[in-house]
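Consider the single chain below, provided in structure tokens and representing the form predicted alone.
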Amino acid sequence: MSESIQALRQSFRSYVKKMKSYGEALDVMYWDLRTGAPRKGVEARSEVIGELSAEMFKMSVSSEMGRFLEQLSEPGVFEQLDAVDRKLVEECKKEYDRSIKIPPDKYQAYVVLTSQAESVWEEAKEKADFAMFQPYLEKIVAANREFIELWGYAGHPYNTLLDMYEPGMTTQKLDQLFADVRAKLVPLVAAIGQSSNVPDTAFLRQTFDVTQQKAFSLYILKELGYDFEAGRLDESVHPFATGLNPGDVRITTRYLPHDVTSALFGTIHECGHALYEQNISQELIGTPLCTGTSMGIHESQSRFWENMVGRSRTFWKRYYPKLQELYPDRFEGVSVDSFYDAINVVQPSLIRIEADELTYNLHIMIRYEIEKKLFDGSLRVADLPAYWNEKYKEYLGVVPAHDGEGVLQDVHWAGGAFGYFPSYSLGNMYSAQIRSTMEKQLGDLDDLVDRGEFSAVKTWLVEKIYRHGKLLTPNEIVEGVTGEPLNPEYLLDYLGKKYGDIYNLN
């Protein structure tokens, strides 16, 4: 590499690192807003977030950034860059080409809007008052529609939003994937509903001391390999993970006094995200490549650790005695097999994050259909509560008693994260496919969990997925690991076997 190109590369890296520093500061502010910032400070904090976001946005579309990308993309220059710098140029150019179409003042106003909306959503959810949140959501949807027109789209308008979370994904592909999954899930759920083998879950509906719940969550996090010197566990209305850099990846959970499993599985879910972020290669720090390659791949890890590890029989053979120690009077006479069946009971429910592993995908399909309609103009925000309730009755046979347990249950729309929800189901599909390859190379996952060999599992995932950050695309990850494109049959086989055994269907 010539000295001039090396100097250009270093200047570009410094510029990108400065942008990343702004981003890290913003992430800390967002985390603070969601974990206990005083309500009266929300408006002023949102303005500060808006100002800093605007500065970061201006840097991403500046003439200086444009010159960097033009010069580094020139034939004879681009080829001299290493793999990390080439990918960095490609990612920054994709973002530049998209962001340059958005006026900075509109972007700043949008950031302020979503920051305020998240706090309004918290209060609206608590009061089950959709009318309080509706004006904010209408503005967020309208802004995204305007952005889509500026960005441009191919096929369905929603495709542009999908691509932000899962590069290359389209409504055409998702419609087929979801149709394939739904065709096999619905009969399986129906067969389970007719089974006489119904797990007893009464013992889970007791009062469980929150202090003990927190102690157990912390214990399990350590067992799974979460690095507390590079993270922390806090509380929030909706569990989430924030990766500032591999040395600071924070997670939150929500403790419910009458549900010992909600916080636990929420914690394990966010741990999966955190293990990914904590183990990205150090050479990617200070760049936009220092994150997961897509939300689908990210969710594959949270769903893998939560469901395939955390809800497995072997996991609880290992850790149920510890839970019994914490609550000796709550689980007296309850065997580990009974506990395992209870935490895997299939029962159509209202709340996505508390849904069973099988019907969870139906929750996602409802949100997917709603988002598509919001952006093709066939559904108004004002009609969301009624449409939500209608789809829940159709898909799951349940109807929310109020909007707090219905259309207001998720924070994603308040933050403008349209196109995110399909990532959860894609994550389920990816995780089952990746697990299949893992077992061919490491041995049966249940045997590894039974022996507590989580470090071996994590090491394999670091090598195959985590360390690459955003260097590889989702397709490159899944095909590189498994040797084939995304295939939902692995998930369907896994679910059929697991729940067929629990409900004596096999």
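From a predicted model like this one, the values you see are computed outputs, not experimental measurements. Numbers follow the displayed sequence, beginning with 1.
Keep in mind that the form predicted in complex with a further copy of the same chain is not shown, yet the notes after this line are about it.
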**Q.** Every residue of Lys18, Ala25 and Glu229 near a further copy of the same chain in the model of the complex, heavy atom within 4.5 Å
**A.** yes
Q) Given that a further copy of the same chain is left out here, which of Glu463, Glu51, Asp450, Glu479 has a heavy atom within 4.5 Å of it in the model of the complex? A) Glu51
(Q) Can you work out which of Leu445, Leu472, Met29, Val61 has a heavy atom no more than 4.5 Å from a further copy of the same chain in the model of the complex? (A) Met29
Q: Tell me the stretch among 311 to 319, 150 to 158, 241 to 249, 292 to 300 that has any heavy atom within 4.5 angstroms of a further copy of the same chain in the model of the complex.
A: 241 to 249
Q: Give a yes/no on whether Thr35 approaches a further copy of the same chain to within 4.5 Å in the model of the complex, heavy atoms considered.
A: yes
Q) Looking in the model of the complex, any heavy atom of Arg45 within 4.5 Å of a further copy of the same chain? A) yes
Q: Answer for Gly41 alone: is it within 4.5 Å of a further copy of the same chain in the model of the complex, judged on heavy atom distances?
A: yes
Q.
Would you classify Glu55 as touching a further copy of the same chain in the model of the complex, given a 4.5 Å non-hydrogen atom cut-off?
A. yes
Q) Which of the residues spanning 310 to 331 lie within 4.5 Å of a further copy of the same chain in the model of the complex, based on heavy atoms? A) none
